[in-house]
Structures are given as structure tokens and as C-alpha cells.
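Here's a solo chain for you in C-alpha cells, the form predicted on its own.
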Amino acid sequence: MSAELSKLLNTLGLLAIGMVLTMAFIDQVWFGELPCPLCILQRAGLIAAGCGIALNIVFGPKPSHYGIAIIGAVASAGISTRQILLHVVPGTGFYGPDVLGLHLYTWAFLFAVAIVVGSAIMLLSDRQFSQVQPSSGRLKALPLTAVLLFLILTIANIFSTVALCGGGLCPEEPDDYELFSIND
């Protein structure tokens, strides 16, 4: 696999992560489904995975960058598994709506597994690491869009988490943004 193909595949992967984070924000802002602490941690794991992929786009592919992506995705998958197990027993309820028959935390698990598998497959191509890439210092339009979208979503997630948790522990079942609520 060439370094250019690697950059394209990493760009598409980062856009997919951006799409998932965007959908989570739409669910949070448009539909009013505030994320629970486990949901926030799942997003953090996806952001960590996205950081590894973004490093591949900006600085070229390196095994260590894929390692960061895998560690973030494994963390997100582990947290998703915890939330799935909390709700797998009949009668224990669930958190949030379902999409195409699965809850968002189940989709987060499947997406995190896809990141691990995709990163592992990318690691199998040694040729992408040995090619010397001429560095013009500028990213093309699609990779630049992917990186900027990811940075904006990361900042938005940080702000959202601070607003939701108000600088303290996040509520188990949030119903309002703690930072903006006025306690009487």
C-alpha cells in the first residue's frame, strides 16, 4: 500500500469518527439526549483513536500512531461493553434511544471494534512506512477537512462535558447542563 493510499484510508477513517461524533451531538443537542458518564468516556476513547489517525494524516503513517488509535478504540470498546452489560439483563432498562434496533452504546462498541480491525489491517502494510514522503507542509482539501472537523468536534466535546458536569462529577442520569443550571 502506498503512502498516498494510506493517507486516503486514514482520512476516510477520521471522517467516519467525525460522523459518529457529529451524530452523537445531534442526538444530544437536537433530541435532548444528554450523554451519561459512560457515553462521555466512549466519546473520549473515540477521540483518542481519532488522534492516532489524525497523526497519520498530518505527519505520515507510523506504527505508533496506529497504536494510539488501537488503544483509544479498545478503551471505547471496553466502556461500551460495560454499558451493554449493565442493560443486557431483561427488566434493567436501557439508556437512550435505539437506532436500527441497537442502542448507541452497542453501535459504539461495533464502531470501536471496526477501528481496531481497520488499524490492524493497516499495520500489515509495511510499504506505507518505508516510503519517503515529500512534505509540502500543506494538506489537500479532504484530509484538511477531516482534521479540522475532528479538531472542532474534539473541542466541542470538551466544552460539552464541562458544561454537562459543571467542573465536578458527571451526574449518572443527567437532565440538565450543570454549568448553566441555577440551584436554589
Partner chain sequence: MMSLPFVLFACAIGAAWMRQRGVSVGFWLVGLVTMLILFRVHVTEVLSIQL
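Residue numbers count along the first chain shown, from 1. Keep in mind the model is a prediction, meaning the values are calculated, not measured.
One more form of this protein should be noted, the form predicted together with the partner chain, which is absent from this view; the next part is about it.
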Contact at L110, I121 and S130 by the partner chain in the predicted complex, all three, heavy atom at most 4.5 Å: no
Contact flag, V89 vs the partner chain in the predicted complex, heavy atom cut 4.5 Å: yes
4.5 Å heavy atom contact, L38 and the partner chain in the predicted complex: yes
I79: touches the partner chain in the predicted complex, heavy atom cutoff 4.5 angstroms: yes
Close approach of I47 to the partner chain in the predicted complex, 4.5 Å, heavy atom: yes
Residues from 56-72 in contact with the partner chain (non-hydrogen atom within 4.5 Å) in the predicted complex: V58, F59, K62, S64, H65, I68, I71, G72
